[in-house]
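As structure tokens, one chain now follows by itself in the form predicted alone.
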């Protein structure tokens, strides 16, 4: 009889712990951070540099973008403007008000409108990005990639950086 009582106590403790853990986990994943697998070649060589079957897994920081604050060079996750069921990971090249020299968009130069940013994959020609669909609304921003967490030999913090000759026109001219 004592054995059944202790089993019942353990079961109640497990169930009550489960009902506490699930909402806490959901809140953390919704508000703070989650992990995402990066597939494809669009962000090579920064992510998935080998192009093999092993994909990088990144930590996406949702808390840092809660006010839609990103900087040039950040790698971000956004809902795809073409397919809202899909999330894409790209690098921020330009912010609102910036003038961008495009790589095949319908206009050679674009001014990024208010409330938007310009994103591109690091592997041009293998990326569906702003050069295909134009500036992206900040409302589609989902998270900022802060660390590569898999595979273990690639563990590292992701630093914002702009690829050479990419970025706003006035910034490029100041650097020269």
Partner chain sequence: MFRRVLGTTLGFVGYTVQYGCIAHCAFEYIGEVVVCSGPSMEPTIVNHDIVFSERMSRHLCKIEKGDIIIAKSPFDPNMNICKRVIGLEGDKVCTSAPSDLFKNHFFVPKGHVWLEGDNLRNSTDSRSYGPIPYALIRGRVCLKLWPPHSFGTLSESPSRQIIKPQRNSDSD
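No experiment lies behind these values; they were computed from the predicted model shown. We call the rigid core whatever largest set of C-alpha positions still superposes within 1.5 Å between the two forms. Numbering follows the first chain given and starts at 1.
The same protein also exists as the form predicted in complex with its partner chain; that form is not shown, yet it is the one meant from here on.
Using a 4.5 angstroms limit between non-hydrogen atoms, residue 104 is distant from its partner chain in the predicted complex. Although the partner is absent here, residue 27 sits close enough that one of its heavy atoms falls within 4.5 Å of its partner chain in the predicted complex. Though the partner is left out of this view, residue 79 does reach within 4.5 Å of its partner chain in the predicted complex, counting heavy atoms only. Using a 4.5 angstroms limit between non-hydrogen atoms, residue 63 is distant from its partner chain in the predicted complex.
Contact check at 4.5 Å (heavy atoms) against its partner chain in the predicted complex: none of 49, 97 and 169 pass. Note on the partner interface in the predicted complex: the residue among 70, 36, 148, 138 having a heavy atom within 4.5 angstroms of its partner chain is 138. When the rigid core is held fixed, the Cα atom of residue 17 travels 2 angstroms or more between this form and the one not shown.
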